[in-house]
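A lone chain, given as structure tokens: the form predicted alone.
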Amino acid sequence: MGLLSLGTPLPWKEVQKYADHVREHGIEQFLHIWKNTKDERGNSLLWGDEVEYMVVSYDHENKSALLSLRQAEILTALEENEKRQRKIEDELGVGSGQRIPTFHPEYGRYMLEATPGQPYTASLEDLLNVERNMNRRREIAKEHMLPHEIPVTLTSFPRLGAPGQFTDPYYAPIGNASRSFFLPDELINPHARFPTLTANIRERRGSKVAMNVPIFKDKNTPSPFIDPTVPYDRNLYPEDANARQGAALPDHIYMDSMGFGMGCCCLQITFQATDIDEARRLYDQLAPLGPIFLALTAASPAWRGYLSDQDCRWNVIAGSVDDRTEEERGGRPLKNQRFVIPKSRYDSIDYYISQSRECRPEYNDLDLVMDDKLKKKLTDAGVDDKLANHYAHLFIRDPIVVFSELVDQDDTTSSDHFENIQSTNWQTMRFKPPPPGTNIGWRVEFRSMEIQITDFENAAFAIFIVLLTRAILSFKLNFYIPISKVDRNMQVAHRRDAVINEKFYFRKDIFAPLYHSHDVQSNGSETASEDASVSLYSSDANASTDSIVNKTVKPVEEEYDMFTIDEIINGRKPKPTSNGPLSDVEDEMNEFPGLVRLVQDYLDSMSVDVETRCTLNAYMDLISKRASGELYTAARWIREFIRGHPKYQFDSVVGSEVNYDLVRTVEQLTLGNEWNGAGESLLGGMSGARYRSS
């Protein structure tokens, strides 16, 4: 959950005074890191995952599942246990793959985050340990909870903010930090950073945050749907007028607090690259995959006690931390602010940063808002234009939380001001410089995926992304499409059942020879230069590329097409043309192999024993079946479970007993039960794979 500093947080009026100071010193801190590490080479592949849990408290007598607010007590017990176990591990010389996991606080007082005790390596042995490690994290967490509490991996809690009690214990939603109609401040992690972050976002924005998710129109849902649970007449705070003034939209589920977004759970993967250039390449190549894996892991169809007509969390979180003023959102002419900013600080990336030749300028097709003064500072220090643009864009934002004790820092040894801005740009990808004074390398973080219900599923997606990064680098894959198309894909990914019903922009020829816009011959025709770095796809990663000759450079618009997620993941055959059948060469070049095949071919290039391959194939089988629609996404499964419950009235309302039975069933699935029963549409046929991998 970003930077957790200790100290006295300043109120927003005081933070404003230090905004330029934090930005300027943040860039100075980055420059010290960059100068010290930009030439480092040869870091080994290390990676790790972050799994987030909700702690649920059962009230079996009343058939109610509530969010337990005992995060602090549970974390204290977990930390004490970790210290004891670390001492034993050190004495025994326990290897990295077996180290006890680490638990961390999150925004919600009902949330836990868990990571491996040490990063994984690139070894196949470590890949096979991922699910076991996730199993162990869940078991350790459960051991430090009360008998009626369980850790669950749900992206959004269906009744968070619904009328009545949804937390244990109950608190009234009257807190001063969020001033929410629906969520009490006691739900927020009490560490000073979190309530201050909540209050300062609201104060900077000049109103409460406002998220409106379309209601799922079931057969008994009123139309138009005007939410009867919104207390329009409340006048406890000035911001209570927001809803009356139009913040709450008809036919939508209205949410007004940071907790609705930052109270969601997700699955994030961080990779250490061999050097800064490889990290920049991975950042770019994974960016177009963000929306695809958002749709593929869709797991959040219910909000504030209602079924919604979307499947994903991303736009809710984006709205929940949207601190832009009305001027910055374009609602009024600029007077007191510096920029009109098109997006929330939690959104998809705006700019590719690799200097590799395949990154054509045309792909960066958004009007990038930048701080010109900070860009000049970066370029004057020797930073190239692309990386300077990246940070000059991130640093248009104000710091939200500043601790009085940390205003003045040693820029040669600290990165707190840099991380203050960097860590509150919550984008689909994050480019992470090495922390000063460590042996950690340049890293990238893949952030779009929703958490899955079982450890088997979470391990499958984590392992698949890791193997896909290896295929990207080994086969020199090229996934570039214009950033504007990635943005459009992010919007489409939210739609109900997007994984089976929608099409997404995706690159057609991911093995294209690399070229640059300056590879133009004297006669004016654009061709790929003979010395361009090229890669012809083959199951042999070292296949010769001598047969590739100069190739006409296509307009960017001809490089991508509309694909279903099934086609992206499982491949598609070439389309027939009006000019007759394709030649064998044309047929091969127009065929899209699918990401699963790419990973399979990467594994073919390695020495993998049969048992390991079977386990890895089980993970890929899950992803393949999710993409084809043979198995449901978690979002579809949750929606169908709710609609099939005998107490559901087909009015879009998720009642307390319906939610209770949903969580009970989710618990059974995490224990390996009901995969071919209540969870058959989600995990049917996977039970054998689960036991083999675990």
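This is a predicted model, so every value here is computed, not measured. Numbering starts at 1 and runs along the sequence shown.
There is also a form predicted together with a small molecule; it is not shown, and the following applies to it.
Colleague: Although the small molecule is absent from this view, report whether residue 119 comes within 4.5 Å of it in the model of the complex, heavy atoms only.
Modeller: So residue 119 counts as contacting the small molecule.
Colleague: Heavy atom to heavy atom, is residue 107 within 4.5 Å of the small molecule in the model of the complex?
Modeller: No, residue 107 is distant from the partner.
Colleague: Is residue 48 close enough to the small molecule in the model of the complex to count, meaning some heavy atom within 4.5 Å?
Modeller: Heavy-atom contact with the small molecule at 4.5 Å: present for residue 48.
Colleague: Any chance residue 113 has a heavy atom within 4.5 Å of the small molecule in the model of the complex?
Modeller: So residue 113 counts as contacting the small molecule.
Colleague: Using a 4.5 Å heavy atom cut-off, which residue among 424, 428, 272, 200 comes into contact with the small molecule in the model of the complex?
Modeller: When the small molecule is considered in the model of the complex, the option within 4.5 Å is 272.
Colleague: I need to confirm a contact call. Of 82, 445, 502, 604, which residue comes within 4.5 Å of the small molecule in the model of the complex, counting heavy atoms only?
Modeller: Only one listed residue qualifies here, and that residue is 445.
Colleague: Counting only heavy atoms and a 4.5 Å cutoff, which of 344-352, 437-445, 593-601, 386-394 contacts the small molecule in the model of the complex?
Modeller: Correct option: 437-445.
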